[in-house]
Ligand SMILES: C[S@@+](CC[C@H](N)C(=O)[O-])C[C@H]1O[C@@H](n2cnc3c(N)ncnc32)[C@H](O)[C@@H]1O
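In the form predicted on its own, a lone chain appears below as structure tokens.
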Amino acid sequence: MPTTNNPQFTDQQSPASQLREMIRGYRTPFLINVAAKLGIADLLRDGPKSSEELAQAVEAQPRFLYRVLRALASQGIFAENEAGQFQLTPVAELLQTGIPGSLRATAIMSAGLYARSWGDLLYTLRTGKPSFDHVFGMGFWEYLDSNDEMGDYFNQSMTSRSGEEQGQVVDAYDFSGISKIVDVGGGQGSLIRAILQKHPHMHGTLFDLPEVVQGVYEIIEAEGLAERCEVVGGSFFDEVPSEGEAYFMQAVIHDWDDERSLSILKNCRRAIGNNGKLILVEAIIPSGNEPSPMKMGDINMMVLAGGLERTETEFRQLLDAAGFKLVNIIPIQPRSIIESVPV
């Protein structure tokens, strides 16, 4: 799930100016959300257009749309030229659909489902329950399962975000002594496919819910990995496939509270051999007042699904309770590779 960056202030700003800027920080995400929903960046892909042209294409009021685009342009998202037309900027280009690293789906989710959940943060603080459930009348994952449009946006958002991170994982971790990996909760298999593509000696198993992995085998076959990659459907709360030498989980554990995370990890411990490895790709919350986008991301997990980002100490304690010992941490951005072994 996405995180929120901390604002950066200049030394000349007064405390009041800094606080006002933080208070007013809600405005820009909603402007971006509207532009993303309307597909403005896609309409500008072939060149500049006036607000009148854009308004006609998206069935909006021209003057109102102009004011929204002018405000966005003041933030570096789109730019107005001397002819009064709007055009893409490097930032606005990321709101296009169908491009590598697109953030359009993230923009739609962030000022939609996520913002509405943050708006009832007090409910979470008082009850210990995700405010999402209170706002939408059902759990986060249940909602995504029941709403195809938002489910698609969420999957697009996660895929966009994980692409760069997966490249870092493949480059940073030493896979040389591993012949078989199991990607637990691996979604569409982008991580395991990247690993197997780089390491032809390896075999792997992609494991996720049956409805999640449906259709993935065709992708694996098209990439020439069918003989080296098995696809298995199931729930990691019940059991995970056995006989893997290394068990990978990318951004899975942070979705769940300690009790449910421990259940997942214990199932991995039962499946893994005594000489196996467990590799988590997760954020590690820094100590003290050090700025970290993951400290805001932690609140996102709290209000959406009751999950959390963890400190190194919390990971050690959780892994220890599941029968693992944390032996190595490899920092990547924005997460870390956390390697553990059975004890």
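From 1 onward, residues are counted along the sequence shown. In this text, the rigid core denotes the largest set of C-alpha atoms whose superposition between the two forms falls within 1.5 Å. Note that the structure is a prediction, hence the values are computed from the model and not measured.
Another form exists, predicted together with this ligand; not displayed. Remarks below refer to it.
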May I ask you to check whether residue 117 falls inside a 4.5 Å heavy atom distance of this ligand in the predicted bound form? no
Applying a 4.5 Å heavy atom distance criterion, does residue 141 contact this ligand in the predicted bound form? yes
This ligand contact at residue 252 in the predicted bound form, heavy atom, 4.5 Å: yes
Verify the contact flag for residue 186: yes if a non-hydrogen atom of it lies within 4.5 Å of a non-hydrogen atom of this ligand in the predicted bound form, no if not. yes
Note: exactly one of 78, 153, 236, 247 sits with a heavy atom within 4.5 Å of this ligand in the predicted bound form, namely 236
In the predicted bound form, which of the listed residues (212, 111, 202, 94) lies with a heavy atom within 4.5 Å of this ligand? 212
One stretch from 254 to 262, 214 to 222, 170 to 178, 122 to 130 that, in the predicted bound form, holds residues within 4.5 Å of this ligand by heavy atom: 254 to 262
Are all three residues 310, 339 and 341 in contact with this ligand in the predicted bound form, where contact means a non-hydrogen atom within 4.5 Å? no
Rigid core aligned, does the Cα position of residue 232 differ by 2 Å or more between the shown form and the other one? yes
